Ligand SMILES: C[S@@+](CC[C@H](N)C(=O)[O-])C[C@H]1O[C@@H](n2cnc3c(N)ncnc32)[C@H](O)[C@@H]1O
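This document starts with one chain, in the form predicted alone, laid out as structure tokens.
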């Protein structure tokens, strides 16, 4: 992807509530499965936070001190504005950094959280690298695109081989947690509305304004067509893949 294409893609997604499938209900469900509630002050890292919809959910439903990390300052600026508007600026700190070069101390956090972002490193590499930042007995909570059947059509296999060859089954990802020092305590599949209502729907509404803003350039049209193709693949093959949340407890 060229720098121009990357900036266009960021621009398209920068004013969407979420940069991937998810919902407040699913964030709260994962929090409950990791034992996160308002009774205990904990430290959390939200890695690959994007514009921070889930960061706000985490802060509003816990007593956590949250360090939200993303590579793109525009996303962090939007999160900072939302945190101030919600009176949460004292509990949400933003850090501009790459998720594969995090400026954290060993065993700094009770929970390392990542919604729809760990794929940027690959699930296995993420769970392996981030483990050292988690306290013993703490949790890794991450959502990852996953096969939800044992077999799938060749066309779909080819699509994901080009987009993200590390995609694996739920059982395969659970094995990765086990192999890298976690006890998998729970997992669940995100329902369809996390894609359609919270991600693709808001994104599709922004296509006309995005194209107009960029003069319907070839590069802008290519970005939109690629997004439309992704949506079409999901609509056709949603029985075979989804995002799944994985909750793993770090063992000594």
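Since the structure is predicted, the reported quantities are computational estimates derived from the model, not experimental observations. Residue numbers count along the first chain shown, from 1.
Beyond what is shown, the protein has a form predicted together with the named molecule; the following relates to that form.
Peer 1: So which of 117, 177, 83, 134 reaches within 4.5 angstroms of the named molecule in the model of the complex, heavy atom to heavy atom?
Peer 2: If I apply the 4.5 Å criterion carefully, the residue I get is 117.
Peer 1: Is residue 57 one of the residues lying within 4.5 Å of the named molecule in the model of the complex, judged by heavy atom distances?
Peer 2: Taking the distances in the model of the complex, the answer for residue 57 is no, it never comes within 4.5 Å of the named molecule.
Peer 1: Give a yes/no on whether residue 182 approaches the named molecule to within 4.5 Å in the model of the complex, heavy atoms considered.
Peer 2: Judged by the heavy-atom cut-off of 4.5 Å, residue 182 is well away from the named molecule in the model of the complex.
Peer 1: Classify residue 99 as contacting or not contacting the named molecule in the model of the complex by the rule of any non-hydrogen atom within 4.5 angstroms, answering yes or no.
Peer 2: Yes, residue 99 is a contact residue.
Peer 1: Consider residue 71 of the chain shown here, and say whether it contacts the named molecule in the model of the complex, taking contact as heavy atoms within 4.5 Å.
Peer 2: Because a heavy atom of residue 71 falls inside 4.5 Å of the named molecule in the model of the complex, the answer is yes.
Peer 1: Which one, 28-36, 41-49, 214-222, 60-68, holds residues whose non-hydrogen atoms are within 4.5 Å of the named molecule in the model of the complex?
Peer 2: Among the candidates, contact is made by 41-49.
Peer 1: Who in 17-45 is close to the named molecule in the model of the complex, meaning a heavy atom within 4.5 Å?
Peer 2: Heavy-atom contacts within 4.5 Å come from 18, 19, 20.
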